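Same protein, same chain, two forms; see structure 1 and structure 2 below, as structure tokens.
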Structure 1
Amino acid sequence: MTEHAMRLSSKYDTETKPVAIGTAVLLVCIVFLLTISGTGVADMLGYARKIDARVPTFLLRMFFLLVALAAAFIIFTNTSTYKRKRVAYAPWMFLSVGLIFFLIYVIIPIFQSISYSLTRWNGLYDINGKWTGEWVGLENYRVLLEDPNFTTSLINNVLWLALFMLAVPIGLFIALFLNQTVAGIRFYKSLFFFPFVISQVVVGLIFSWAYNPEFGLLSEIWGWFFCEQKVNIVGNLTKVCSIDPPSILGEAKYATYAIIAAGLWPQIAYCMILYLTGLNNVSPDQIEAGRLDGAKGWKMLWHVILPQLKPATFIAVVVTVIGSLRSFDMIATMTQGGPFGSTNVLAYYMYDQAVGEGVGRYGYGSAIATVLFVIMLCFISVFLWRMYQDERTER
């Protein structure tokens, strides 16, 4: 063999040294992983109970798992199998950790939940670690159909979905309003975006206060129209109103609308920023061409601008649909589903049934979650389909 050919073939040979070291490290890690126990770590750290050592035990396990993984990768990348077909094996190595992690925590639980929905279970295991539930088939779904709270939740979800969609046109409107170049406009744009950055819990609290009939913002504004300050017998100032301010969150009629209005605030901000970015990218040539053709105002918006904003509109609709179906934080902070279950949505009702006040109804809760998932799946499919179309045209 010539020297050149030797070098070429040795390029694909398994390198023994790193493989040997890698194997040794891997074995040590496996031994440790098998021997680490909660009690052992608790003893080592001097904790009285095994339960106190949960976190260090877990972290230790994760550490050895990571080292083992790294060792496995080193072994594999030094074998001839890998060296010959790098481009075929490399993507799987890059993907493996993230994909497994995602499958375990996100994809597999979806199917587990669906299977829970066919059982009656309270989430517990007996002392031998055996599952305590029983299979009931479609029983949970039959009960759902007769549950008035479920119907209310479903109707409220539709309401949320429909009214939340207002965020898209309003966001567009504000974006058009702010798409100017006057001094300080950047500052205005970021302040308009502000509500989205704040936690929904805080938005919920702000609006609970705003809707408060005694001390809130709304009671104050109400007072300008219907109340006057009077001095009572003792000499203190009191408010006397011709019509008392309504307790918006306390009345079943208004409560859901009030929460949706609060939820719209950050959502409009989100849609606005999407449209502002979109407007930035509208081609000036086309606007100029439109102007030459005599298009102005609404006509221009409808025929020239909106078609170019299509990607922004699409994302805005997607995030709004998801936002409306995920509404949980606001309801939890503002009404907790009340009064009398009138503000429940599927997301909150599921939580309430599964881990809320009543003793965990895992099966029933899972059935509610499954219904919510199926609704969401319709939208996810449309989204994926659109993405698929885009990917195909790109290639």
Structure 2
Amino acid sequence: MTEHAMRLSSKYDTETKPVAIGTAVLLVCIVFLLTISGTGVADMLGYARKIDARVPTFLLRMFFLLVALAAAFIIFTNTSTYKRKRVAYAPWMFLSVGLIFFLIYVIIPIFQSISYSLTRWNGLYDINGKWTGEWVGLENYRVLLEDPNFTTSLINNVLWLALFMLAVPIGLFIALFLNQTVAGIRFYKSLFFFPFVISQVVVGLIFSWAYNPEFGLLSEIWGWFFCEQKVNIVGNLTKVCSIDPPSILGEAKYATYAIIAAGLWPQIAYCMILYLTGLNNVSPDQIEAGRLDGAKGWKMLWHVILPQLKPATFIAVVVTVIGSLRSFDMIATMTQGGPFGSTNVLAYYMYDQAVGEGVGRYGYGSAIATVLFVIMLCFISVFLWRMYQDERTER
């Protein structure tokens, strides 16, 4: 073997020293991660009581997890397999960290929640750190079928889904209106974009004040038609109404629609942004060809522009569906599920049963979460299948 071949061969050899050190560190981290919540390690670190060890134990887990990932990275990058196929392995090296954290903090908790839904548990451990739950099988799901609050939450979720889809066509028409080259159009775009930047909690507070029957915007508009200023017996001006302004958030038949209207405000802005981006990619050649063929107005929109906006429409529909099913912020901010539970949705009812007013029903809350997960999984699976079919057709 020539000297050049020997040098080239040694370049791809496994470096034993870094691999050995990395393996030792990795094994130590694995042992600590497996036993960090055990009484022995907790006592050794001075965290015998569970309530005192909760945050330090979490930080220790994160530390050892990061060290373990770094050790695994050192081990793998010093092997001959990686050195010979570095280009092929590089993308997976970048993805691995995100995939590991996604597995630990998303996938595993999903299956934990499903397992908790088959138990009756108050969310607490005994003084020795022993789990206090009780296996009940499908009992929580049987109770769900008989629970009127769950039925109300499910109906409200369907209502959210149906009305939230209005954000897609409204966002499209606003985008078409703003897709012009006139003076000051960027300022108007920023005004329409502004609701999307605001936090959902802030949006809920703004609309709560607007709906207030005493001092809100709705009360002021109501006063233009049904109220007048009069002087009372002490000589002060007071507002007297022939019909009192409605308490929208206090009426069970109006409250859900009022919250959905508040949620639509930022969602329309998001759909508008997606369509504005899509309109920038519309082919001017196809528009010009359509004009030569006599297409204009609705025909131009339906046959020329909308087909080119299909990717933007797909994303807008998917995001809107997911947003409607996981609606929580608005309900928590504006009504907390009231009045009388009439504005509950599955996400908020799950929270309410687990840690809210129904605190101590972790198993029941997990059953609600599982139902919501299955519903969202069905919708997402349909969208992914459609996207896969479209890609196959384009090929």
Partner chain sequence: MFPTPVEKLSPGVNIGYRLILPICLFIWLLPLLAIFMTSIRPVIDINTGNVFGIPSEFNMIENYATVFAKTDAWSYMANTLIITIPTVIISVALACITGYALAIYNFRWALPLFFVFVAGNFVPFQILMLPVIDMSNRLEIFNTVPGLVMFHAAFQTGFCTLFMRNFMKALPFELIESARIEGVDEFRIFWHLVLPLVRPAIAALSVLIFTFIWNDFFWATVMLQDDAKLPITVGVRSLNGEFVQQWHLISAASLLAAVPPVIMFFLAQKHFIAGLTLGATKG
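This is a predicted model, so every value here is computed, not measured. Whichever C-alpha set is largest while still superposing within 1.5 Å between the two forms counts as the rigid core. Here, a residue number simply tells you its place in the sequence of structure 1, counted from 1.
Both panels show the same chain in isolation, but it is structure 2 that comes from the form predicted on its own. Put simply, the smaller rigid part swings 24 degrees relative to the larger one between structure 1 and structure 2, by C-alpha superposition. Here the rigid core is superposed, and residue 26 then shows its C-alpha moved by 7.2 angstrom between structure 1 and structure 2. Shown is the Cα shift of residue 97 between structure 1 and structure 2 after rigid core superposition, which amounts to 2.7 Å.
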